[in-house]
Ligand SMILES: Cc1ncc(C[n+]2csc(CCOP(=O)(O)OP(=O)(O)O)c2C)c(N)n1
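Below you'll find only one chain, the form predicted alone, shown as C-alpha cells.
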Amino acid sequence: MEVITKQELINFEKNIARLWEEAKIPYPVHLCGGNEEQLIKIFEEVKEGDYVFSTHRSHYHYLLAGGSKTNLEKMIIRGDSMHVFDKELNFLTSSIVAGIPVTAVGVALALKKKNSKRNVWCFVGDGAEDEGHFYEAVRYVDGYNLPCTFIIEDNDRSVETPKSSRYGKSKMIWPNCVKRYHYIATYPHVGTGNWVDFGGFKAGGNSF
C-alpha cells in the first residue's frame, strides 16, 4: 500500500473544501478531519487484499487503503463523495446509516468458508452504533468467529445529537470484534460551510 502522511490527508480535505466553497462541487460532501493519527495507526494492521468497508465519510479510508488521490478527487467532483467504490482495492461504502455492516458480515463469512487469510475492516460512526443492523452484524461475527473487525469512529454525534441525549448514561459493552476510537471532528457532520470544533469526548470500550 502507498504510504500517506497525516499532512497529506489534511491537505487533500482542505483542497476538497476549497473546491466546494468555489462551487466546483455542487453535491453533498462529507469531509474527514481530526482522526488522521488514529486511522494511520489502524491501517498499519490492514493488509493488502483485505476488504475495507466505509460510510458516507470515506475519503481518509480510501486513501489509506491505497486509493489514488487523483481518482478520489474525480469521484468527489462528479458527486460520489458518499459513494466511493474501488473493486481493485476491495473498497466499498454505503451512505445509509448502518447500511454497510451486513455486507461486511457476508464477505467475512465467504472468506472463512474459503479458508482465506484476508480480513474485513468495517468502519461505522457512533450514530450507526445505535442501529439494530449493527447489533445483528456484531453478534453474527462474534458468534461465528468471522474475520471481521468493526471500527466505531466516535465523535459523539449522530448528525448533531450527542450520545448523552440519545441514550443517557447507558453504555454497550461490545465483544472483541468491535474497536472504538474517539476524536475531535475538524468538520461538522452536516455541510461544509460552518466548520466547528466539537470539543473533547470520553467513553469506554475497546480502542486502538
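In case it trips you up, residue 1 is the first one in the sequence shown, and so on. The model shown is predicted, which means the values in this text are computed figures rather than measured ones.
The following text describes the form predicted in complex with the named molecule, which does not appear among the structures shown.
Val97 is the sole member of Val97, Val138, Val107, Leu92 with a non-hydrogen atom lying within 4.5 angstroms of the named molecule in the predicted bound form. Residues within 4.5 angstroms of the named molecule in the predicted bound form, judged by any non-hydrogen atom, belong to 127-135 and to none of the other stretches in 67-75, 110-118, 127-135, 84-92. Although the partner is absent here, Ser158 lies within 4.5 Å of the named molecule in the predicted bound form, judged by heavy atoms. The named molecule in the predicted bound form comes within 4.5 Å of a heavy atom belonging to Tyr187. Residue contact check for Tyr62: none of its heavy atoms lie within 4.5 Å of the named molecule in the predicted bound form. The closest heavy atom approach of Phe43 to the named molecule in the predicted bound form falls outside 4.5 Å. Annotation for 168-185: the only interface residue with the named molecule in the predicted bound form is Tyr183 [heavy atom within 4.5 Å].
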